[in-house]
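Coming up is one lone chain in structure tokens, specifically the form predicted alone.
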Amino acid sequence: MESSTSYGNLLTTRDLKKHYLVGSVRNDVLRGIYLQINRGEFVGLKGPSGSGKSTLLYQLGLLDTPDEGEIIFDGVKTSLMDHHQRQVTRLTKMGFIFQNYALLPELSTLENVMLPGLSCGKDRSHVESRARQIIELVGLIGKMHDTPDHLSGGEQQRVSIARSIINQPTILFADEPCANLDTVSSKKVMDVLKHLNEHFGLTILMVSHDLSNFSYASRIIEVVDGLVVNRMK
């Protein structure tokens, strides 16, 4: 994996708002978020349950659209992107890690990691070669041909990490990456993320309830009741 280190602003939000209707009741989840993520940062996003952390992550990852406000990613206002442009941006410039791993059960480690690369129409031999390198990077060279049901939770999450970086994204979004893992497995996952950040300059934005995970971050943003209330180094 080549280094992507490059300083300067990567992601900005201005007065970001999002609400949901539950019957006739309006729930204002994001109430005016202002934040800035610079290239090469490892940012932790903390806050109590229901504070809007995961909703914010989904807006920033273009998995949902805000009701008001603006997201500027890599110099482009995402509100000006059409559906195809959003899809291409997600596939080529963004990586995603979810707490439930989201691996295809019938595919091997190698096949799961290759999938996003093949979805971009890249040459299969090139994608496979790169996938093998990344699987080795995350410490799973001996699990190359195992399906998810033969892997531990920590191993599945490392497969998820490998899959998320196959297309050399600009930013990696991690939503509770260690939520279902024990202490030893969590440390292995966090060590991989820190390595990607420090050695390859990958920008990471991570939501977590586990305060120990924030020791890996270079900066912490706290969200409470849909607003940024604290920015900590």
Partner chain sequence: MLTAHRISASLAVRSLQHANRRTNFFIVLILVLLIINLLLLSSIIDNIDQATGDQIIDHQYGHMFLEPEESEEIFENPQSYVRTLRNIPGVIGVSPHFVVQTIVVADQKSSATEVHFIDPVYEETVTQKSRFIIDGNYLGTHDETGIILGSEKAGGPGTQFPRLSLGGVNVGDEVVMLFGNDKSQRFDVRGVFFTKLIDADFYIYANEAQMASIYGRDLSDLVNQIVVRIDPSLTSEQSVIDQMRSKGYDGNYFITRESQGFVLTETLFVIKIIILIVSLLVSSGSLFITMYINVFSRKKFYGVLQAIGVPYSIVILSTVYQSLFLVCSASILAVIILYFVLVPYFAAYPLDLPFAFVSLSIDPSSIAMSIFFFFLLAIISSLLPLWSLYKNGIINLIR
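Residue numbers count along the first chain shown, from 1. The structure displayed is predicted, hence computed values, not measured ones.
Only in words, not in the display: the form predicted together with the partner chain, which the text now covers.
Enquirer: So in the model of the complex, does Leu104 come within 4.5 Å of the partner chain, heavy atom to heavy atom?
Expert: Yes.
Enquirer: Under a 4.5 Å heavy atom criterion, is Asp64 part of the interface with the partner chain in the model of the complex?
Expert: Heavy-atom contact with the partner chain at 4.5 Å: present for Asp64.
Enquirer: Check whether Glu111 has any heavy atom within 4.5 Å of a heavy atom of the partner chain in the model of the complex, and answer yes or no.
Expert: Although the partner chain is absent here, Glu111 would touch it in the model of the complex, with heavy atoms inside 4.5 Å.
Enquirer: Considering only heavy atoms, tell me if Arg163 and the partner chain come within 4.5 Å of each other in the model of the complex.
Expert: Yes, Arg163 sits close enough to the partner chain in the model of the complex that at least one of its heavy atoms falls within 4.5 Å.
Enquirer: Among 198-206, 29-37, 56-64, 180-188, which stretch has residues with heavy atoms no more than 4.5 Å from the partner chain in the model of the complex?
Expert: In the other structure, the partner sits against 56-64.
Enquirer: In the model of the complex, which of the listed residues (Leu137, Leu115, Leu151, Met144) lies with a heavy atom within 4.5 Å of the partner chain?
Expert: After the contact test, the surviving option is Leu115.
Enquirer: Between the partner chain and Gln87, Leu91 and Ser119, in the model of the complex, does every residue show a non-hydrogen atom at 4.5 Å or closer?
Expert: Answer is yes for this spot.
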